[in-house]
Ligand SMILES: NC(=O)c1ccc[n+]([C@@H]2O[C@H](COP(=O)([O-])OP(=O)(O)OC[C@H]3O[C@@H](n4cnc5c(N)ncnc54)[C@H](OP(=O)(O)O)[C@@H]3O)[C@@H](O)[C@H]2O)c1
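Next up is one chain by itself, shown in structure tokens, the form predicted on its own.
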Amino acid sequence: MTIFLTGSTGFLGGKLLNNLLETTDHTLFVLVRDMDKAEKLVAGLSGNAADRIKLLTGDITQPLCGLSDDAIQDLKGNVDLFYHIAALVKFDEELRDEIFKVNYDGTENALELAKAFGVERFFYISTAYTVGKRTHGVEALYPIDKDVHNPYEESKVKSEHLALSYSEHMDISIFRPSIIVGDSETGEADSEFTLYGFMRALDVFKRRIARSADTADIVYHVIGSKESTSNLVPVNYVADILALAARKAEAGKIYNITNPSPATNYALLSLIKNALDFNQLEIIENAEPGMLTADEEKLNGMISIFNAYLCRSFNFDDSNTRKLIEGTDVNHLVMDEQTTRLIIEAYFDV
């Protein structure tokens, strides 16, 4: 099989790339913006893996991803499967235009490129949080409306609809990972987003208050729901499913790649507190005006973009994913406390 990928120098994309190289004999065409970074990635591969990768300079924000007519003609009729992974994971309203340029326009450019290649199948990597303000996630399209928390979610909802609108040209499958974290076996992670952005903010805050000698006994409150859960999935679990999908995914299907038994926010914060050696943190359900100190206001301001996810639980149906992995070497996710601790501590050990 010949596979074309975007986003392969990113956290998930890099893990999928290695998975495909180690478990298949596929030839991989990889779109990259930073050729130096990509060449370093390829140089670190063992065996004949590097011979099966073809690097192409491009940019998903450009029409046809910035590929030349000659490059497109060379691949026309020769690409079996297209993985579109590249995305911008930012939630800020002031970045709306940039988020949509990458996530929505970039998806349209990738679809048009896949159409120009004449690919048979296109895999769009979305997010489980297209669920928006609903509490139950289904493996079906959500309506295009404003029932979302931020422009990132909105861009992904609209991109899913866009992707499936190309079904007359190619088989479309959509994959929705929840919060991607480190490798469940090694803890390896290089993500700067989601859980890691939250942990990094707590670390920065701890360092700031450490400069004051009289803060040792002060408790700092984070607003959130103790019993609500955060749906974390290890990057290797997501990559295993995406690699398996190359031979098992069905056209028109949506696959939630989620955690069936997610940890509570209280349990997660306890593990983060231990890893940071910052036992002065506590979660409170809400705060009346004037209840938080100036330092607590700063702390909660630093993590405000995560508030929508800290204050509620989401549950996800992943029946399609369960069917996909049935009878394979990929087991349905069981992420216990030991694995979660490994992932959190490995990040701070870097």
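Predicted, not measured: the structure shown is a model, and the values here were computed from it. Residue positions are given as counts along the sequence shown, with the first one as 1.
Keep in mind that the form predicted in complex with the named molecule is missing from the display, and what follows is about it.
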Open item on the list: Based on heavy atom distances of 4.5 Å or less, which listed stretch (299-307, 282-290, 315-323, 29-37) is in contact with the named molecule in the model of the complex?
Closed with: 29-37
TODO: Would you check whether the named molecule, in the model of the complex, lies within 4.5 angstroms of a non-hydrogen atom from each of Tyr104, Lys253 and Tyr255?
DONE: no
Task: Close approach of Thr9 to the named molecule in the model of the complex, 4.5 Å, heavy atom - done: yes
Open item on the list: Against the named molecule in the model of the complex, would Tyr152 count as a contact residue? Criterion: heavy atoms within 4.5 Å.
Closed with: yes
TODO: Answer with yes or no whether Asp295 is in contact with the named molecule in the model of the complex, where contact means some heavy atom within 4.5 Å.
DONE: no
TODO: Evaluate Thr127 for contact with the named molecule in the model of the complex, applying a 4.5 angstroms cut-off between non-hydrogen atoms, and reply yes or no.
DONE: yes
- [ ] Would you mind picking the one in Phe100, Phe193, Tyr166, Tyr220 that has a heavy atom within 4.5 Å of the named molecule in the model of the complex?
- [x] Phe193
- [ ] Go through Pro177, Pro262, Gly182, Gly137 and name the one with a heavy atom inside 4.5 Å of the named molecule in the model of the complex.
- [x] Pro177
Task: Stretch 76-91: residues contacting the named molecule in the model of the complex, 4.5 Å heavy atom cut-off - done: Ile85, Ala86, Ala87, Val89
